[in-house]
Structures are given as C-alpha cells and as structure tokens.
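Consider the single chain below, provided in structure tokens and representing the form predicted on its own.
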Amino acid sequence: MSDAIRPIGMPKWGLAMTEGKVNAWLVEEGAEIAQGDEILEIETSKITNVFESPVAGRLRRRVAAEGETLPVGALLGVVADGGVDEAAIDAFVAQYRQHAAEAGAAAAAPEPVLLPAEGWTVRALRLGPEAAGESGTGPATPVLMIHGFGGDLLNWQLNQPALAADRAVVAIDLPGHGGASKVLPGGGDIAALAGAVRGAMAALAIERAHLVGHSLGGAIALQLACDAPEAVASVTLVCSAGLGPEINTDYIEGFIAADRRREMKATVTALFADPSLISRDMVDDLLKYKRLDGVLPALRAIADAAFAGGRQAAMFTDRLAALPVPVQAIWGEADRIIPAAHATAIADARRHVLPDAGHMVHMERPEEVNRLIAAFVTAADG
C-alpha cells in the first residue's frame, strides 16, 4: 500500500474491546488533520470516548458511517495527499478490506493470570515485552498499575496497551476486587494493601516498578514507596487518595449499598465529568462483581479502615519531600470524589490538572494521561 495513502483503523481500547460503534465524525472530509486531533467519537461496550488521529494529512475519505459498528482494525477513514486520485483511494480501500478479511480474527488477546501472592490470590494482566531488552532499546523498568476502590484491572483498558509499546505494563486486581481473592490479607487498611501489592510484585517476579495508582491505588502506591523505596522507580498518582482528608463518602457508601442498576448508575455518575460516557455494560459488570461471595465484606472492611469517620485515614503530605523517588499527580479538574485541590501537595512541574474530566480522568482523557505517564517514567529511567 502506498505511503501517500494512510489508513485510520478502529482502535483496540483494552482487553475486552472487540468492536466499536462510530457515534460521530468530528471532522469533515477534505479537512487537514494533525496527529493527535480528535476525529471520531467511538462507543464500546464499556465506555464512549473520542479517538485521536494516529496520522496527519488530509482526510480524503470517511469510510465508516455514523452509527456503524465495526470490528477492531476495520477501516474508518483514509488520509491521503492531495495529488492522489479517487481511483487510487478506491483501490486502497478495496485492498485494505480484502487484507482484513484474509487475516480473519485478530490474534487472541492476552488473558489475565491468577497467582498466589503471600496470603491471597492476585489476578494480573501483563502487556508489552516479555523480558527486559525485548524492545531493542535496553532494559526498561516495568509499570505496575493499581486501580481504586471498587475497580479492577480493566479500569486501565484505555491506558495499559498504549504504555506497553516499549516496556512491560502489568495491571493487577487488589484483594477483594475483580478476579482476586476476596479475603483481605492483614485487613483493609492502606499499609496492609501495600503489603499485598508488594507480595504481588514478588509473585510476578517484578523487583522494581514504576507505580501508577488511581484513587485508593494512589495511596497504596505512596505507602509502598515509603515502605520499600528500593522497589519503586517512580509514582504517578491519578486522582489519588492520601493527599488530603476530604473524601466523598456518599459515593463510597452508595457504591457499597447499590444492588440495582438504577442505583448503581446514579452512584457512578459521580465518577465522570460527562455521565454519558457510562455504558449499560459498565453498570452491569459492577453489579455482577458486587454479587460475588466475599465482595461486600471486603469493600466494607476497606472503607472502614481507609475512610473511617468520613475522612481519609492515611496521609502522605508530610512524607513526600523525603521520598527518594519522583512523584507526579494527574487529576480531573471536575473530580467529585477527591478534590482536585489535593493535587497542590505535588510540585507545580509534576502536577497536571486536566479540564473537562472527573475522577476517572484516565478514561475520560486517556491520550493525554498516557502521554504524561510515558514521559514521566521515561525521564525517571534516565
């Protein structure tokens, strides 16, 4: 296929995505687009998000129609130089579709694994090079991603694949969450959960990692950096707990109590600046998780230990200056769970508050969050 003609294909946003629906084109045919421009709104079974163009040039053909559902990799549009005639574009589209049909189903996606981890069973998903140096650029310290209260490793579905181009990126389920064991090792406080993550690193043969923690996972990452700084290369905090006392306990209690779709949807709307991003499948998956044996006692224990009396129990602001590892914060300006003002605990150069995003900023603004994380861990590696 000619380099003068470049395809735009349906992206794969995470482990669970096999297809996407084109909700809307955000640019017209004939428009000049830059790499990174928002060009489409795509709906998946988990979330609706905007898609940034992977290429620059003139959008010569919008191949996918609005409202059309297509598999991952399907041709959405064509970018081509002005000198390319329509017949050449027609031939390119036909060749692309033929190649896609001959290729058949994409290779099976990596599956999470279950491993014993010092008193509990961790579920982990690994993407990226299998061993140090596989990327051809020398050893790269892996990234370990830690979700928040009530979440699981799939919360990173818009981030993990993008970060795994040149290094191993591992997402785990915390005790009591996702596919991990529901019995908490040592209780539900931040120190115990940090110890559990350290055990998970040992089970995964990860000696040292860049930690990326969301919400409760951020406090766990900070605790681990305090307890075992030799195992931590850097910490990225995403709308993190541990930097101020305030916490939206109405959300915490509402999440624990919700047992119907309407209740759960009303609760999780607080997570997003734009509640329309919440899909029916997302709500259904949360309800299925909460109905598993042992989940409610685990969530109750964690909430009572970490957010007792409606305040955050673990605070790290006084310990940040002494940490021997770099720390950055990424926050959604419209966060309704943990105030964005807590980000001021982090130095200006390493503090990023993104507009038009809430507590799930890594899902609402994934491309920008991914760029910030990738640049930070690369700089920390030296």
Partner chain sequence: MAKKSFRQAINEALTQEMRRDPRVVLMGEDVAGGLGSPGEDDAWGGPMGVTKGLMPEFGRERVLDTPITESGFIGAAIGAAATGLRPVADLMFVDFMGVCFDQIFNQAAKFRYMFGGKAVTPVVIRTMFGAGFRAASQHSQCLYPLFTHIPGLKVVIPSSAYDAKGLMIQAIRDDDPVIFFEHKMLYDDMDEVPDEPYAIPFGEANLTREGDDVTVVALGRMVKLANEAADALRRDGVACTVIDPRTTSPMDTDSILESVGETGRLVVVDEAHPRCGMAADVAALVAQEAFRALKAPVRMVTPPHVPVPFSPALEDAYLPTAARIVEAVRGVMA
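Residue numbers count along the first chain shown, from 1. Only a predicted model underlies this, so the values are computations on that prediction, with no experimental measurement involved.
Same protein, other form: the form predicted in complex with the partner chain, not shown, and the subject of what follows.
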*Would you please decide whether residue 284 lies within 4.5 angstroms of the partner chain in the predicted complex, comparing each non-hydrogen atom pair?*
yes
*asked:* Residue-level contact is defined here as any heavy atom of the residue lying within 4.5 Å of the partner chain in the predicted complex; does residue 90 satisfy this criterion?
replied: no
*asked:* Whether residue 250 contacts the partner chain in the predicted complex should be assessed with a 4.5 Å heavy atom distance threshold; does it?
replied: no
*Is the gap between residue 165 and the partner chain in the predicted complex 4.5 Å or less for some heavy atom pair?*
no
*Given that the partner chain is left out here, which of 205, 308, 257, 292 has a heavy atom within 4.5 Å of it in the predicted complex?*
292
*Though the partner chain is not shown, can you say which of 145, 238, 197, 180 has a heavy atom within 4.5 Å of it in the predicted complex?*
180
_Segment that reaches the partner chain in the predicted complex - one of 300-308, 82-90, 186-194, 257-265, heavy atoms within 4.5 Å_ = 257-265
*Are there residues in 263-283 with a heavy atom within 4.5 Å of the partner chain in the predicted complex, and which are they, in order?*
280
